[in-house]
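First comes one chain, alone, set out as structure tokens in the form predicted alone.
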């Protein structure tokens, strides 16, 4: 029989310890299971078994019912699914103009993306899936804590010294005093007849409700210290200063360097950007071949193509035709007669306009190849330079195609291969050929 102190049955205002339950100790798991069955059959519902290791069959003996945690997890998952579906529909498929009564930052915005529908279920499945999993996990954790009354940092059973053996080799059955069937005398008699080695009451000794003065002092100090960082952050947020803010983690954000277009007292000209040193050439850009890069041989314009760099063949002419159509045809026209779309539009608009050159005129047909190459590279009069946009090889390809265009308009019988001249009808032969 347990010794129940008299103060446990006295009014709460006069007792020193409050009876919270009763505990019985056993030596074997079988004794614990048998005792749990008898207590459950006696009509008790608020009791628990404690063991240093899991015991098969203890759940049925204690009468543990199926938990509602799976339903809580399901509810959390369904909320995540419906919430994800609703948010995606609301944010991208609802016309903001139809929600004038809702603040702007809470309105959706039906943004059209590449002609796709505003709302499409397959596109929304990834977000729905992620929110379902996330809220299911959160519901599982929170539900487990609530159903187990956790976190619980203290239990009156800790006041019983022998209960410490529960982590070693002893087994305990605890009946909660909050059970509707609990009675100190009757419960003591029941537990004493279970064959346990000891029965003890579980008493709780209330501590004073007021915190000790040192704890209050420490709490005030900690609170004041904790307010310092937010106060400093608020001060930095609302204040203005000509100096940079405190930047603890630099990450190379603030470096001693010269920025573009900034003044500098280090150099005599007062500029931080330094011009290239005269005569220097970037690595890989040395253009020592004047024939290929400038169209010059010796001190005169080249009259030949730089065959040592690129052959004049069908591939070069095809490339020249393509580049001519991109850069030259808008002004000079596809045939080189100067009647491109830019020229036609300028004439329609009226005003001062210098028409592009007709490349079939004699002065352009007689110009050296190197001169044409230089004109493309550096421009001439109102024609801009294209040297920075067209590589040298493509410029030579354009020159070759220009020569082909010019040749096409002023061909002679000598331009036709001898084997094919006899097959030409006399009406199709050039004037020079008929005069011969």
Partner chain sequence: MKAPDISADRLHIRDLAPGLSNLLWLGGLVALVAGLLLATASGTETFLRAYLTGFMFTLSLALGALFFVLLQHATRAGWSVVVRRIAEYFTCGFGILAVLSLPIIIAMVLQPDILGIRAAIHDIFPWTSELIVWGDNTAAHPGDEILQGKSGFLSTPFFVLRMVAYFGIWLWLSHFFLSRSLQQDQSGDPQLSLQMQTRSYPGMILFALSLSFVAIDLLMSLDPHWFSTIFGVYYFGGSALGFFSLLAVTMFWLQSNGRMSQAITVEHYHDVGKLAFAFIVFWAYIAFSQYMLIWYGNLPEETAWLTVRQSPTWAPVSLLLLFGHFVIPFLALISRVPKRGRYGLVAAALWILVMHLCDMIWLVFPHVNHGGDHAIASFGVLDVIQIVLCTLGILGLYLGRVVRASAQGSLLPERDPRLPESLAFHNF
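Positions refer to the first chain, counted from 1. All of these numbers come straight from a predicted model, not from anything done at the bench.
Form predicted together with its partner chain: not shown, discussed below.
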property	result
Heavy atom of residue 66 within 4.5 Å of its partner chain in the predicted bound form	yes
4.5 Å heavy atom contact, residue 144 to its partner chain in the predicted bound form	no
4.5 angstroms heavy atom contact with its partner chain in the predicted bound form for residue 55	yes
Contact test in the predicted bound form: residue 114 vs its partner chain, heavy atoms, 4.5 Å	yes
In the predicted bound form, the residue from 123, 331, 99, 137 that sits within 4.5 Å of its partner chain by heavy atoms	123
Heavy atom within 4.5 Å of its partner chain in the predicted bound form - the one residue of 90, 293, 327, 129 that qualifies	129
Contact segment among 146 to 154, 295 to 303, 115 to 123, 270 to 278, judged by heavy atoms lying within 4.5 Å of its partner chain in the predicted bound form	115 to 123
